[in-house]
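Next up is one chain by itself, shown in structure tokens, the form predicted alone.
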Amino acid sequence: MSAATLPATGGRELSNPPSDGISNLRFSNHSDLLLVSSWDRSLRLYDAGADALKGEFAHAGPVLDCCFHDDSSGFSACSDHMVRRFVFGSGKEDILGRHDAPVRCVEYSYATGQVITGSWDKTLKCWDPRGASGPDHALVGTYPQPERVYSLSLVGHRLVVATAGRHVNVYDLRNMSQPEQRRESSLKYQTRCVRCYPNGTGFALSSVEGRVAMEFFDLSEAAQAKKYAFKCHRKSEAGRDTVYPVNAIAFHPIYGTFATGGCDGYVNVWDGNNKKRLYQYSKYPTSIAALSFSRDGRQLAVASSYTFEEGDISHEPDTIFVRNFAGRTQLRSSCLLLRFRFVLDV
């Protein structure tokens, strides 16, 4: 499948980026604040609109994930096994608790007011942030997983957990005693990312083997007949295919289109309902480690950060780009102008 590349620039480059690999970035649900976690042992808070570093919070080890509580505080998942909350204005640090291995993922549920963490200790834990600053005083429950947790995603009361071994567990946060569904990924290789559809009907999974699967929660035969998987982030040269891991998926909060980022340094934008790729942005300096849309969908944050898929080699510096994202009218006009009609390779 040939590519339509739009446009030539990667977007605005934020000043004062992390000095080591970017593990994740998240826009606030309320503003243009951007929270960034990094292997340089820091959690950073930016005002993306003003290109201003608002705060930097040191950790004892690499920070593997982050999320907002609100615009005044956020949570971090750290390789030192700890789960922390930081109050941005004062720099105050609260300890929610710990796992028995590095904490890979953290999410905050606005539906239940709980923090959910997933760890390489093969457990999921739920925390009440109101009980922070005590030894596990905030712990609500611990839920064993079949393998190490690699990715989490929330929509409403639904939680999707993707682990090593291609396991996928679906929970209802109102009843965590056991998974609502236990699944195996439809992709043959290791899961990199899971993200729920904004409309709450299903989730997308990406793998290390350049594929994305579109899944649905409804187990009826009619609903399951709609699921599919497609190839992406691949390159063909001289009859040889090079396949890249798909590290990141981000759904547009309004249109339902979504972006994927891979180790090939490209960001692709897709229309999942019509099984089409809308366009591909010009190549970024190195691997795409994370993606996040702003609350209104007008901005897309892109972490261009080498993910060591080829080992410890010389690579471009870690960079955060913020680019304006085309509205529906602009998307339609661009696609018509380019006569761009590509169907996914299902």
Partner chain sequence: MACPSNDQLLQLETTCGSLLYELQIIWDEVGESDTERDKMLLELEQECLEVYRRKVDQANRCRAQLRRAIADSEAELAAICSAMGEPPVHTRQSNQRAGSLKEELESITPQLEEMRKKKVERLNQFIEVIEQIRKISLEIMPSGCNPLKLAVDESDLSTRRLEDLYRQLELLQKEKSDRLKQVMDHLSSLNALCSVLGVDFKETLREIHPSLDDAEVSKCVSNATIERLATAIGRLREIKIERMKKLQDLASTMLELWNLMDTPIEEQQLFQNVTCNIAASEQEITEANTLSVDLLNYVEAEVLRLEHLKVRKMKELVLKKKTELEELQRRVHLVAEAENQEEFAISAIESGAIDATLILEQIEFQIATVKEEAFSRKDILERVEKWFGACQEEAWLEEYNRDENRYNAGRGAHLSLKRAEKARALVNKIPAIVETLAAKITQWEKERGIEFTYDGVHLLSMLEEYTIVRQEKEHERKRQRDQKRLQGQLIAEQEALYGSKPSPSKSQSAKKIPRTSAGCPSRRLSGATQPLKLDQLHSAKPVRSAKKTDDLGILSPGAKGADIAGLPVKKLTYNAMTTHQEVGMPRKPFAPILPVNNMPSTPSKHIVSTFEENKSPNVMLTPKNPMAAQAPMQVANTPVPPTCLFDQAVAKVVAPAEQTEDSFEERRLAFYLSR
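Numbering follows the first chain given and starts at 1. Worth saying up front: this structure is predicted, and the values here are computed from it rather than measured.
Omitted from view is the form predicted together with its partner chain, to which the following refers.
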> Pick from 105 to 113, 251 to 259, 194 to 202, 162 to 170: which stretch has non-hydrogen atoms within 4.5 Å of its partner chain in the model of the complex?
Replying inline: 162 to 170
>> Whether G21, R234 and E309 jointly form a contact site for its partner chain in the model of the complex is the question; each needs a heavy atom within 4.5 Å.
In response: yes
> Is K227 a contact residue for its partner chain in the model of the complex, using a 4.5 Å heavy atom cut-off?
Replying inline: yes
> Wondering, does N273 line up within 4.5 Å of its partner chain in the model of the complex on heavy atoms?
Replying inline: no
>> Just checking whether T142 would be counted as a contact of its partner chain in the model of the complex - the rule being heavy atoms within 4.5 angstroms.
In response: no
> Heavy atom to heavy atom, is E184 within 4.5 Å of its partner chain in the model of the complex?
Replying inline: yes
>> If the cut-off is 4.5 angstroms on heavy atoms, which of these, D100, D71, D241, D218, is the one near its partner chain in the model of the complex?
In response: D241
> With its partner chain left out of view, which of S79, N268, T123, S153 would have a heavy atom within 4.5 Å of it in the model of the complex?
Replying inline: S79
> Can you tell me which residues in 191 to 225 come within 4.5 angstroms of its partner chain in the model of the complex, by heavy atoms?
Replying inline: R192, V208, E209, R211
